[in-house]
Ligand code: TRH
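Taking the form predicted on its own, here's one chain by itself in structure tokens.
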């Protein structure tokens, strides 16, 4: 069995020196760094690791925590963190220790049981680690970070506790959400200032366009749309509408699951990063997969943003631009009530015609009906106003990392 080390990771070595018994685990004193282990299994795409990487960095940089991140797929992770060396089982990036979680039982050669243990999105902790948690003199704060949902029931289940069936441990469910009584969503303290600086600087925007697309920034008459999506049968219709638009449209497409369909529309064998294509009023640029900071800039550079899953859905809201959400599809259309719940929060204050147009388009993009760009883009000014107002309302909930850190500290007193 791996050795067990105390939570005092600030002095704990990265070696495999054994420890016969855990050291006493006293309450965390004011000013002491909180040690946190964050476990992430990359189920599909980049959403799971995207959220976990943001959370790990924010807990480290803004709250002074010492975070160790367990990830089972370093290759997927490296897309978001180019500094990562996929050949190393343990390394430090941005002040965060990263462990390659190679198999369910593996938690590193030395067990360092943290003050706070975060089990992201229901991934099952290794049994040996749970047993080590139970042997600790002071049990860690154990949080199950759930997926984001805007449904009403989330507030009722946020911070509910579940005792372990075998050990004297209690897990607390921490739910992100879009309403009061939930954990909120991730937002770094510097984000608004960074967006404002980008928007206020023509030089920064011009430099971004030339570096990202190889082209100058388009003029004010052009509508810029970013497209980050799962495969979508509605895409051909929408591309056709954009190509026949009265006004020019520039489409920015991060390389990924939608690229093959874009290539087919333009009659190209592929639409890899660096590719350009045009038809009618539509001009499209294929972008290289970017890190998270680069994706934020893409959202800020666009007038409309098509996003997918959870992480980009949240970032689109902070970008304060109109957006369209491709929610992760589930069997029996179980995702549609979640889509409607988000619409209720986001679109509720809009005038009825604009609210209906937004709902029709979101549903069409998610397989219910046909997308009508003219119908959707007509109330653009109202959507822009609502996007800015919603970002302020959402910020009123506090950010997820801050809310989580505050709760954990209250349990460690």
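Positions refer to the first chain, counted from 1. Bear in mind the structure is a predicted one, so any value in this text is a computation, not a measurement.
Separately, the form predicted together with this ligand exists; it is not shown, and the next lines address it.
- This chain appears without its partner; in the predicted bound form, the one residue of 167, 230, 208, 173 with a heavy atom within 4.5 Å of this ligand is 230.
- Between the options 266, 157, 289, 198, the residue in contact with this ligand in the predicted bound form by a heavy atom within 4.5 angstroms is 289.
- A residue is said to contact a partner when one of its heavy atoms sits within 4.5 Å of a partner heavy atom; residue 346 fails this definition for this ligand in the predicted bound form, lying far away.
- Contact between residue 80 and this ligand in the predicted bound form is found at the 4.5 Å heavy atom cutoff.
- Although the partner is absent here, residue 47 lies within 4.5 Å of this ligand in the predicted bound form, judged by heavy atoms.
- Remark: residue 322 does not count among the residues lining this ligand in the predicted bound form, judged by a heavy atom distance of 4.5 Å or less.
- Just one listed stretch, out of 381-389, 47-55, 65-73, 355-363, contacts this ligand in the predicted bound form at the 4.5 Å heavy atom level, and that stretch is 47-55.
- Looking at this ligand in the predicted bound form, residues 147, 254 and 312 each place a heavy atom within 4.5 Å of it.
- Taking a 4.5 Å heavy atom cutoff to this ligand in the predicted bound form, the one contacting residue in 321-344 is 328.
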